[in-house]
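Here's a solo chain for you in structure tokens, the form predicted alone.
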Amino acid sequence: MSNAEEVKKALVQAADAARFAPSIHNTQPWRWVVRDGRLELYGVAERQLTEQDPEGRMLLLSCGTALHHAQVALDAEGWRYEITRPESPENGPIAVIRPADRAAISPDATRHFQMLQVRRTDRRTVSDEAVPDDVVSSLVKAAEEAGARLHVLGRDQVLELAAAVDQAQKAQDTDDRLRAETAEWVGGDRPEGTGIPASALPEELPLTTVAERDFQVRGTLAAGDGHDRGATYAVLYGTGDDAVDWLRAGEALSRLWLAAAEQAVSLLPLSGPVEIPSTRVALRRMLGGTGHPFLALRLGSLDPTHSAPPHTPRLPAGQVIEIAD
């Protein structure tokens, strides 16, 4: 196999691994193009939540998780690479990966790749056993290594977060267009390969201090008997609020989520309070006005009585990967 063929194969495999990245409402709003020894990432407007995410922030964050997943796949094969993230992509790619040479494969890279299949979005209650402080510290470090920050909330700030989540939910519940858009992506069997199926949702909303998003859809998973007494809440944030910052936020989220999976920690993103301007301001106040919030997060020890929820569906490779060579 020639070097060009080897590179092409690696890029296709990386794009395929990226199909399993998390995204807002499992919209998978990305498209990959393998071209001239590089891998180009594009956002897909047709899978943007135009009512809920009119500025495309969550689209970019979702694309960032896919970008990091592709990096993990290349790392696991021992590839060195360069990434460019144009600040004003216009109609071009929002990121480009260019492989360089090969290196020895590290055990960490292999383990991170394994976590791509282990990671889940679990909306059920977590164990009452608190996440150990040293584990929380390691997750804070993982976010920092990926170029973001993780602010762990104290007790009073958790109550402030609960109020912000409740306010965001009420604002969304009174918006008919937003509710209709959500209904297009959530519930049922999702045979087209996108969205959140009923099999990934609890039968009823768990009784927690910080409420989970109410999709107005009944799921099939038992919510669990616990509360959120053992949960740790945090805000993922950064210093910038431009498009490239949201892309990098997605990369940091993916890095953090895989690190959490390695530590048997459940991570649940709470995007609702970021989507509403007034509640996003409330999150920024929790940061002392020093950063821009990307997501609120719930971290919790996995309940040993829960088996992993099923994977959400994925679009077939042919719909998200184009080979232009």
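For clarity, every value in this text was computed on a predicted model and none was experimentally measured. Residue positions are given as counts along the sequence shown, with the first one as 1.
One more form of this protein, predicted together with a small molecule, exists but is not displayed; see below.
J.: Would you kindly say which of 94, 253, 74, 168 lies with a heavy atom within 4.5 Å of the small molecule in the predicted complex?
T.: If I apply the 4.5 Å criterion carefully, the residue I get is 253.
J.: Among 268, 67, 283, 265, which has any heavy atom within 4.5 Å of the small molecule in the predicted complex?
T.: Contact check passes for 268.
J.: For the chain shown here without its partner, which stretch in 156-164, 126-134, 237-245, 207-215 has non-hydrogen atoms within 4.5 angstroms of the small molecule in the predicted complex?
T.: In short, 207-215.
J.: Using heavy atoms and a 4.5 Å limit, would one call residue 257 a contact residue for the small molecule in the predicted complex?
T.: Yes - in the predicted complex, heavy atoms of residue 257 and the small molecule come within 4.5 Å of each other.
J.: Looking in the predicted complex, any heavy atom of residue 293 within 4.5 Å of the small molecule?
T.: Taking the distances in the predicted complex, the answer for residue 293 is no, it never comes within 4.5 Å of the small molecule.
J.: Although the small molecule is absent from this view, report whether residue 61 comes within 4.5 Å of it in the predicted complex, heavy atoms only.
T.: Although the small molecule is absent here, residue 61 would touch it in the predicted complex, with heavy atoms inside 4.5 Å.
J.: Since only the chain is shown here, I'm wondering whether residue 272 would be in contact with the small molecule in the predicted complex (any heavy atom pair within 4.5 Å).
T.: Flag for residue 272 set to yes.
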